[in-house]
Every structure is written in C-alpha cells, then in structure tokens.
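In structure tokens, the next block holds one chain alone, the form predicted on its own.
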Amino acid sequence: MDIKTPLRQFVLTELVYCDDINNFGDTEDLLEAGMDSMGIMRLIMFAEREFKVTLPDTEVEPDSVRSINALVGWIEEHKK
C-alpha cells in the first residue's frame, strides 16, 4: 500500500499552510510550515485509521513528524 500519497495529501491540505502543494518537498519542515500540536494529533488519528497502525504517544517526537519522509518512515516502522 502506498503510504506517501494519501499522507502527503492529508498533511498538505489539512495541517500546514502551503500555497502550492506541488512544490512542497517531502523533506521540508512541517512544523515550520505550521503544523501544530493539534495537527499532530489529527495526523496520528488519520494515520491510525488510514494505515491500520498504532502510533504510540510515547514516540511522538519532533523528528518523527518533521517531514513527509519522516512520517512515512514512522508509519512503516509500525506496519511490520
């Protein structure tokens, strides 16, 4: 299952401020782009529902939610 496409769509349309999502790179800082703590909670709920994973609250760190690529890696770790 492709994780990046639906995750990217959700994050860039719901959680960050971006004028042109096509030019927002997968390594760009989501926290600097406006994703806040409520956005992180929404992201976790979306990922758990969409990808059938459990993302432990104890693992929520800036590095695990910093970019699209970091999020994909974090989700993939829990799909195993």
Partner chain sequence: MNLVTGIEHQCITNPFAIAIRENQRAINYQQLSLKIGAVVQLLQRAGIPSGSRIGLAMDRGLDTVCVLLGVLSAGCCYVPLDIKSPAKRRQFIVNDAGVAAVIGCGECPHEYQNFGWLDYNSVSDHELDVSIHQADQLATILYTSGSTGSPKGVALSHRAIHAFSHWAQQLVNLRNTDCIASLTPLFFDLSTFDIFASLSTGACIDFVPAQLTMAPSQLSAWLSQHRISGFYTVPSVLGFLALKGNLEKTPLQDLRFVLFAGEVFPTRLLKTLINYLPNTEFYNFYGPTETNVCVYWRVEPDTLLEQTPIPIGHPACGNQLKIAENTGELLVKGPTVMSGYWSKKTLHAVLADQQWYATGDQVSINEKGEYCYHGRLDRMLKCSGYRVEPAEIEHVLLSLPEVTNCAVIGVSDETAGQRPAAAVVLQPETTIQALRRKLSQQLPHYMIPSRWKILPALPLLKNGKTDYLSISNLFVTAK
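Residue numbers count along the first chain shown, from 1. Keep in mind the model is a prediction, meaning the values are calculated, not measured.
Another form exists, predicted together with its partner chain; not displayed. Remarks below refer to it.
Shown here without its partner, the chain carries T13, G39 and R49, all of which come within 4.5 Å of its partner chain in the model of the complex through at least one heavy atom.
Of the heavy atoms in G25, none are within 4.5 Å of its partner chain in the model of the complex. Put simply, A70 is far from its partner chain in the model of the complex: not one heavy atom of it is within 4.5 Å.
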